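Shown below, as structure tokens, is a lone chain in the form predicted alone; questions about how it binds or moves come after it.
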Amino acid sequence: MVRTILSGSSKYVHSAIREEDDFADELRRQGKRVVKLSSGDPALYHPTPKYIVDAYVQALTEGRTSYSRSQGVVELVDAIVERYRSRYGVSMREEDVIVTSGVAEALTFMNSALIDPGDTVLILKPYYTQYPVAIQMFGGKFLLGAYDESDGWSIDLDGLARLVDRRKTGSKRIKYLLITNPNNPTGTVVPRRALKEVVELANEHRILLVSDEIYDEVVFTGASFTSVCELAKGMPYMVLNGASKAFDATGFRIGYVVAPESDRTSEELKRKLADYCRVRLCANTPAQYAVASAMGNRAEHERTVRAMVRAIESAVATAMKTLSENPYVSAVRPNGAFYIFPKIDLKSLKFKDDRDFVHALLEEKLVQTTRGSGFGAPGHFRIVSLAPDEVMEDCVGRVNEFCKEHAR
């Protein structure tokens, strides 16, 4: 018997989003031009704004390159406090904000702090691929609520309530309920009424509510975003956010947690998250100063984020129009984030599953997407709609050709 040095929990550590990267790189080495529509990275197509880059350079030239305050430099923390006051009307203190190396690190810290082996978390599918990984790597389990595709990817509120009610009779309560708004991978913005019901459900059953709101400013015409901060008053909750999406600074790796309430659960969790920050020393110091400057430059930020969102909305519209010509897929029109999440009619195509579909699409048409089963939705695939209209039209046109060529 061959023994492994690896831990049992390490088997859960995997990224569905990046699993085709090595193959895509090999195709590029062969001289082929792969179009990457698999990564939600706005900086690939919308360069990080110059005023943010200049602020980073200034931080470097001023020598701000040493270890910084573990929970975040005061300038950035103050900027985050002001952002939530001005955007959402929420009053916070310095200790209510924890700066992390992206939301990815926030998820790791949060689950390490909260989850013992066997503990349960309630998430909704389709989900961001890292959620189950971050839970299972610490021995946790997850219950799955759902977004209803037949109703425009709306939250199945009745199903969510039933899951919570059934769990009340179990030996272990739900440690936390995690939602994503706007949603990755569906691009859905949760209506205020539905979000209010989720908040009330969590409050009624005394479940810590966690809301990943990294796309809070990437909202399309006609949709309206509501932060959990506006509704979850007087109950324990946390919001995950960062600079990657709305500030177009993915590589800066600046995320943060806000937990404005002062109940026992919130205070205990914030203290422990601060301990985790101290153990890993600090987030990227010059990047923190650059993001603080960006948040303070509201006029320039509003101008650049509006332009970026208009371009993304146009790319989504172009992709959806082209996709509508394909009888082998169907997709709910997104109203936020960067994503289209089509359902594949696998019975009409010569593929065994969505993994087979996306791999063959990459190999034959040089378009890299992500399998839906990685998001808990087999039979779907995710298209990142950040490229210019003409690129989206060409790539989705290739998807259409691909499906036609592989029809049964």
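Note that residue numbering begins at 1 and tracks the sequence as displayed. Computed from a predicted model, the values in this text were never measured in an experiment.
One more form of this protein should be noted, the form predicted together with a further copy of the same chain, which is absent from this view; the next part is about it.
Residue among 323, 259, 208, 122 with a heavy atom within 4.5 Å of a further copy of the same chain in the model of the complex
Checking each option against a further copy of the same chain in the model of the complex, the one that comes within 4.5 Å is 208.
Have a look at 180, 186, 71, 241 for me and say which one sits with a heavy atom within 4.5 Å of a further copy of the same chain in the model of the complex.
The option sitting close enough to the partner is 71.
Does a further copy of the same chain, in the model of the complex, lie within 4.5 angstroms of each residue among 81, 296 and 314, using heavy atoms as the measure?
Spot residues vs a further copy of the same chain: no contact at all.
Can you work out whether residue 373 and a further copy of the same chain are in contact in the model of the complex, taking contact to mean some heavy atom pair no more than 4.5 Å apart?
Heavy-atom contact with a further copy of the same chain at 4.5 Å: absent for residue 373.
Taking the shortest heavy atom distance, is residue 22 within 4.5 Å of a further copy of the same chain in the model of the complex?
Yes, residue 22 lies within 4.5 Å of a further copy of the same chain in the model of the complex.
My question is simply whether residue 146 lines the interface with a further copy of the same chain in the model of the complex - judged by any non-hydrogen atom within 4.5 Å.
No, no contact at 4.5 Å.
Just checking whether residue 13 would be counted as a contact of a further copy of the same chain in the model of the complex - the rule being heavy atoms within 4.5 angstroms.
The answer is yes: residue 13 has a heavy atom within 4.5 Å of a further copy of the same chain.
Option from 194-202, 153-161, 278-286, 225-233 whose residues, in the model of the complex, bring a heavy atom within 4.5 Å of a further copy of the same chain:
Of the options given, it is 278-286.
Is any part of 242-273 within 4.5 angstroms of a further copy of the same chain in the model of the complex by a non-hydrogen atom, and which residues would that be?
Heavy-atom contacts within 4.5 Å come from 244, 245, 249, 250, 251, 252, 253, 264, 265, 268, 269, 272.
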